[in-house]
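Just the one chain here, the form predicted alone, laid out as structure tokens.
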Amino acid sequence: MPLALKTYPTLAEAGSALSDAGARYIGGGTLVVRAANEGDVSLSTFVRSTDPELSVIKVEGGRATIGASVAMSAVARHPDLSAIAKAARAVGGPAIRNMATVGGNLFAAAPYGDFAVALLALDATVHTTAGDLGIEEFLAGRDGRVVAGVSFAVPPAENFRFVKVSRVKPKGVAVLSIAAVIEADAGKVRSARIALGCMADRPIRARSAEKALAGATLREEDVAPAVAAIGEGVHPITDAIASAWYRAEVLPVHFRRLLLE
């Protein structure tokens, strides 16, 4: 079946074109082109926008705004985003990172979407043609909204932690991923925001572990309650990479290592 490509100068025009049957937005193409190559017959038209704002990274006043078309490689090498570069580098190998976009990663189903896990930990705002949404609300639906970009407060490097566990380094599909923003005063945790990948059909918060970390020090004896709570409320996926049982078993192991790194 032939595929058409329609290009529009504004995101609003591209969004309107998505109302046509078989139309799908294309950014870097790592998701939709793969779907087409694998025989998704529901696809007939790729829609894209050339709006230059979609490819811009702005960091002002400690807050970053990243356009939806920005590639992972651009995030990884941006000097003002070095604190979160590790999460961007977790997305595939170099060829994929040069194509995969920030906007597209928000729609990637588990076991993909490593950068979306980081954005959840960062409490990002998702900017869409229909208005702004908190990332949790966006991920809960991931409906037909067209993403223009994301924004978030850039954390100090020492406050952001990220790990991706995979069977093949450095570009393997995730067994699981964990992102955390942990703020501490006088050695004790003041706040923690922890996000998990592959523990549901979308990135989710580890709220029980967040609560257990409050007031604790990042020492072996103090983090034990949070490690014990990390699996509460998770529903890991099963795929060719790992079973749900395996993912649940190794989650506390890697979470503990993340906290004590």
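Start at 1 with the first residue shown and count on from there. Since the structure is predicted, the reported quantities are computational estimates derived from the model, not experimental observations.
As for the form predicted in complex with a small molecule, it is not shown, yet the points below apply to it.
Screening Ala100, Val75, Ile178, Ala124 for any heavy atom within 4.5 Å of the small molecule in the predicted bound form leaves a single hit, Ala100. Partner proximity in the predicted bound form, defined as non-hydrogen atoms within 4.5 angstroms of the small molecule, places exactly one of 229-237, 212-220, 198-206, 32-40 at the interface: 32-40. Contact with the small molecule in the predicted bound form, defined as a heavy atom within 4.5 Å, is made by all three of Ala68, Asn105 and Val146. Contact between Pro155 and the small molecule in the predicted bound form is not found at the 4.5 Å heavy atom cutoff. Using a 4.5 angstroms threshold between heavy atoms, Ala192 stays clear of the small molecule in the predicted bound form. The small molecule in the predicted bound form is approached by Ile26, whose closest heavy atom lies within 4.5 angstroms of it. Interface membership of Ala118, defined by any non-hydrogen atom within 4.5 Å of the small molecule in the predicted bound form, is ruled out.
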